[in-house]
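This document opens with one chain alone, in structure tokens, the form predicted alone.
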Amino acid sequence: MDVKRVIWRYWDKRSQTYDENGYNSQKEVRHFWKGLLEDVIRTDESLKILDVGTGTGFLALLFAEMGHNVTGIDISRGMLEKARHNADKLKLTVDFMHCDAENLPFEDETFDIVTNRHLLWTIPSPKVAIDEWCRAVKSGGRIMLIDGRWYDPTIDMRLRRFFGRIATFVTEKRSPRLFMSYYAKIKDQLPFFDGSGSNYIVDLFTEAGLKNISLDNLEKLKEFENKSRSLAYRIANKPSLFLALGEK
């Protein structure tokens, strides 16, 4: 089975409704995330940034609004179409490109920062991907990865996911079965399907030759997410989030 074909077909389908159920207030979430990113970047210079797995452009558009030169890539053309529409609405310029996170079409040492958010779980070869991102970042540049462990097998969380699926159907008019109708076929071929622990990311960063590796457990983000996400999300999710940063 062509795993990546299944992945892009799902996200093409999902792109049709993706932005409609993310947060209660887009204004609040953009303000919060810009503050978070500014704390990480800590510079007034305009950087060249690659957002891998950009989706509808969430991170890419925030970085562009902060004055950076941003490229966003995704395997889903549907998501990229939505990202370009979002950029037009905000009157922001981002170079959105269709390509594979594990095989970048850029020369060595092109970017100051390579970043991604909630991506590793749907990548067949996370080590290959991180090695490729390191190739594309400049010496002294950074890899910034925002991820978490998504699946909690306890009975309490199983019940919460069940009621979350009901809430998704009732409040968002979206079938909760769509996701597994695609991913059930390929989940065993995705090493981080259940999410990635921060210790695994540190190991991958170390193997890729990154230095000055740091972790942030994003407690303020988790608090914000619990207040700002949709009802279905709050019922079904209790992710262990973190931000990993490594320097080339």
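Everything quoted here is computed from the prediction, not taken from an experiment. One-based numbering along the sequence shown.
The discussion below concerns the form predicted in complex with a small molecule, not included here.
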- Message: Within 4.5 Å, heavy atoms only, which of I130, M79, A87, M144 is in contact with the small molecule in the model of the complex?
- Response: M79
- When the small molecule is placed as it is in the model of the complex, which of 106-114, 136-144, 67-75, 88-96 ends up with heavy atoms within 4.5 Å of it? 67-75
- Please state whether all three residues K4, G55 and T122 have a non-hydrogen atom within 4.5 angstroms of the small molecule in the model of the complex. yes
- Task: Check whether A101 has any heavy atom within 4.5 Å of a heavy atom of the small molecule in the model of the complex, and answer yes or no.
- Result: yes
- With a 4.5 Å heavy atom cut-off, would you call R149 a contact of the small molecule in the model of the complex? no
- Contact test in the model of the complex: F224 vs the small molecule, heavy atoms, 4.5 Å: no
